[in-house]
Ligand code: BES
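Just one chain is shown here, as structure tokens, and it is the form predicted alone.
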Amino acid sequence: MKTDILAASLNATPADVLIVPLYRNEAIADGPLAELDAALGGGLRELVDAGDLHGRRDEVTYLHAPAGIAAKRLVLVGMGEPTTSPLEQIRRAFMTGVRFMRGKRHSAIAVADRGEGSALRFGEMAAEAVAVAAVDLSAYKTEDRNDLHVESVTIQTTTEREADVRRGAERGRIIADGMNLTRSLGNEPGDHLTPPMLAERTAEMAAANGLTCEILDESRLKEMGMGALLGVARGSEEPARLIVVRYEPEGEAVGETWGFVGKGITFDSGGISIKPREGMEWMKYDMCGAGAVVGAMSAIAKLRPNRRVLGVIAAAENMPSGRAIKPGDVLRSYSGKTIEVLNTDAEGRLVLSDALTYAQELGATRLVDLATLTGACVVALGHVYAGLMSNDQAWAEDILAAGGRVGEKLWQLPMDKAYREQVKSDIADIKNLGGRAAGTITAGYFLREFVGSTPWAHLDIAGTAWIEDDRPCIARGASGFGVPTLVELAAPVAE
């Protein structure tokens, strides 16, 4: 998709469709839309007076061939009441406007700059919004496709903001490409994205972006003693893989090496502790943490920060069979710690334990892991926030701030030492289930046992990694959550 920046008035912005966001009950006559209203001969005020334009969130008003402006069609998208996060509201409005175009052959879209907030962040969010919303990812449909046909986007702005909007838009396009890669991987059915296939797709991404990629197969994992990862994979016909992607800056690297670790359970039946039938098809998304690492690494490679970044992905299928691990079994992890398995459906923390240990061995001095880890996180935070747990408050605050800058909502949960009691085992060093109480936190505390004093944070993205129903602003399926935060963390931009 081609992206252009145009310093011009809304009236003079040419496009098949011009998308303009507005707040609920916004003053038209003396607000930022006054010039557009005048060009339309007072048409916006007429819509308001007639009760046809309110500005409610996700409300879309479509005007065909509006006289007085260069655009062939005008789409007005409501943002609801003003908030303290206007750029997030504008991004959602752009995404809703683009999604409204489904099935229509309007290839050239323009979006309007209201002049709110940082020009760089506006450009970033505008480019990202259009590119993400324009991809529906219905790859396996052979008929009744409701495709979008966006070929170019023009971001309208002012002369004063043009340079920063342009800089932000290039960054936003790169982040959107990473998010769409993550979404594409997440939406693949389990039979089209096994652990070896995920490894192959990651290697292809790495080769295309100048990254190095190492894939450890089961024979190598057995030699190394990665008993937790191999234990989870034991019940499946599909072999496990540990995938390592490295980014090296062109010049001298500064600071520490950051490790991004992803849970890559390409399908999770629950194993012997099998899940209920209802909703099990969603478990193809249990690799979205891994997908976020792949998407983020692809974007980081294009943005070229001067910091070493390491991506480590633990990939396996969790299936029941005569070879599968059983409740009560004890696994020896790569760290040497022994783990009592109380529930085979608490497998994500098992594979991550080996991956976190190995990431440190490879030189990572700060860690972030991402995982669709617990249903308890969905109960606690719904589908709005991801949970964050950390052993280092300064590192946690860096990640919270990065998420805030790019519009990804993270909520920190406590890591009091008292939670360690819930994962104590009678026969092993630790057990993989802490009971119903504080299930998200005890899962995080389990992972904490494998990072020592290395600054580490765990993001439980179970409620945010995929979307169960089509929304006005984004298609049903994998969301790409986590990619913007990881990219902002590794490759921050000066505003």
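Each residue number is its position in the shown sequence, starting from 1. These numbers come from a predicted model, not from an experiment.
We do not show the form predicted in complex with this ligand, though everything after this point is about it.
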query = Do M283 and this ligand come within 4.5 Å of each other in the predicted complex, heavy atoms counted?
reply = yes
task = Answer yes if any heavy atom of V75 is within 4.5 Å of a heavy atom of this ligand in the predicted complex; otherwise answer no.
result = no
ask   = Going by a heavy atom distance of 4.5 Å, is S107 a contact of this ligand in the predicted complex?
value = no
inquiry  = Please determine whether C213 contacts this ligand in the predicted complex, using a 4.5 Å cut-off between heavy atoms.
reply    = no
message = At 4.5 Å by heavy atoms, is each residue in L6, R92 and F122 next to this ligand in the predicted complex?
response = no
query = Which one, K275, H149, K409, K326, lies within 4.5 Å of this ligand in the predicted complex by heavy atoms?
reply = K275
remark   = this ligand in the predicted complex has a heavy atom of only one listed residue within 4.5 Å, and of P86, G375, P249, G363 that residue is G375
ask   = this ligand isn't shown here, but in the predicted complex, which of 346-354, 132-140, 239-247, 290-298 has heavy atoms within 4.5 Å of it?
value = 346-354
note = In sequence order, the residues of 234-263 that place a heavy atom within 4.5 Å of this ligand in the predicted complex are K263
